[in-house]
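The chain below stands alone and is given in structure tokens; this is the form predicted alone.
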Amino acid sequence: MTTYTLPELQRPPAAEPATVYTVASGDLRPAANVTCWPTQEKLEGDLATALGDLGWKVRRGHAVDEAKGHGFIDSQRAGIEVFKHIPKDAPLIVVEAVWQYSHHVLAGLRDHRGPILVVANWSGEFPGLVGLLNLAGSLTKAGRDYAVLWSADFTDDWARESLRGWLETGTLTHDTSHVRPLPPLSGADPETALGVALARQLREEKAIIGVFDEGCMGMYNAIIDDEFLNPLGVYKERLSQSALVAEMKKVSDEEAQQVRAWLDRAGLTFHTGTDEATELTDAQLHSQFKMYIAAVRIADDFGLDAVGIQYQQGLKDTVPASDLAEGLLNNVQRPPVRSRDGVRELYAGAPLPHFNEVDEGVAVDSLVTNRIWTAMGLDPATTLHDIRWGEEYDGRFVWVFEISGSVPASHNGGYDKSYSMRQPPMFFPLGGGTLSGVSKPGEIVWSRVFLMDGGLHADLGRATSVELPEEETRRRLDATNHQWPIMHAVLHGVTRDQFMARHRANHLNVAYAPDAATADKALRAKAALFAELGVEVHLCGDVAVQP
């Protein structure tokens, strides 16, 4: 009889009494991990103090790497190795003060049998809250139980009592009473009828989303499998980012310069310099204009209804940032792009919806929004934002929604109220410009499509983009990333903690309406469309769906 020698199975150690284990998922980019490490260290120290005061010992699941200059898990393989040495039944806290790649720790968290808590610092400096929400969305998609908690420094009574409760019970319950199911909608209502008709049209005629490489930045929650998309009438065209670079090389310098001239005439301000390492240069912009033209031509080649460029990873080491191209694509008024033979203007008079960071939940949402808003005669420009941070101002909690690069110019009030700055070298070594500005005041519909309990769900809500004094806007930009576009948002009927407890992604979509009544109508049509497609719709906060 033949026998084989198997490698020795590594078994995790037994958990120590009254010991909580911690891990820290980080970025894939070394510069980001090194820059953010001191902030992460402070959060871990604050949390350890709180846990110690509650009578618990903290054991870090992995050592700080002095050679690398940080203590983050910085790859999927590193995460798998770390979890081999963490007791599977032990209480485990994932500590995040930064943006993190969820797939670095997902393999270990899937198999972990003990209670899991994900915590973040309430700070805008680095995207720790964004990282927490992404990991929460990823664990939700994976069907893994977890809890979430946030605090400025874990000295407040609410955070400490929440920690105590989780340590004693392994669970943590937040108030999510703002969420309710979509009630039956009247078929006689014109907005409901519009949503139903557009849903049936989508399912019958089909739509194609172009995905330039999938799974950006470890966002497992941002990948929606074909089995969920296809019943909606949505199909993927899987494209390689190398094809985008190849097409960029075919775009003439004259065509790229025409884009620059159009934007100069439209009033977009470019903050340029000459240092390629730290400043936005004309050469970087020239490359971005070629990417814009190339993306539109490839979309036309494949008959795409929306497109998503990953950029990170891969393109960040090849060409300047994709963001400026993305912002242009999402706007109705944009530089014209003609077919290679010059005969046709492509997607004339309309945006080509772009889903930033190839977030496929955003893709579905943007596709639906574009069709409803267009049918209603509204500006269909839509964008995603990171849920970055927020604070009280003048008696209201005002969120900082801030996407890492670009919004459609109409959200800022036009190109003449928008500007382009160099992307931060920490994240974008080859630079490239943003399409930035302060989102104009007005009524918005916000939404998120996500996977939960083995099916597609959509959260819908209303908000107002508000105007803050210039000095407060500057303070908030300086507390986050001043190069990026910002929206000051007040959610209707949803508190800070309710939103954090419920939201299942690092992103949310926003679209403007000219007034509150029209926004309510557009939301109703959107809810009807999703419901007709079989997506489970949830209303969040003060939402009026009855005409």
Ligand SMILES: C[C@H](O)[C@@H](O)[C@@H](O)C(=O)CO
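Note that the structure is a prediction, hence the values are computed from the model and not measured. Numbering starts at 1 and follows the sequence shown.
Not pictured, yet referred to below: the form predicted together with this ligand.
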| item | value |
| --- | --- |
| Output flag, Asp27, Asp386 and Trp484 jointly within 4.5 Å of this ligand in the model of the complex, heavy atom basis | yes |
| Partner-proximal stretch of 126-134, 300-308, 462-470, 237-245 relative to this ligand in the model of the complex, 4.5 angstroms, heavy atom | 126-134 |
| Selected contact from Ser404, Asn121, Asn330, Ser447, since only one has a non-hydrogen atom within 4.5 angstroms of this ligand in the model of the complex | Ser404 |
| Answer option from Trp99, Phe212, Phe72, Phe289, heavy atom within 4.5 Å of this ligand in the model of the complex | Trp99 |
| Asn370 within 4.5 Å of this ligand in the model of the complex, heavy atoms | no |
| Interface membership of Glu191, this ligand in the model of the complex, 4.5 Å heavy atom rule | no |
| Touches this ligand in the model of the complex: Gln312 (any heavy atom, 4.5 Å) | yes |
| Contact flag, Trp150 vs this ligand in the model of the complex, heavy atom cut 4.5 Å | no |
| Residues within 4.5 Å of this ligand in the model of the complex, restricted to 398-433 and counted by heavy atom | Ser404, Phe427, Phe428 |
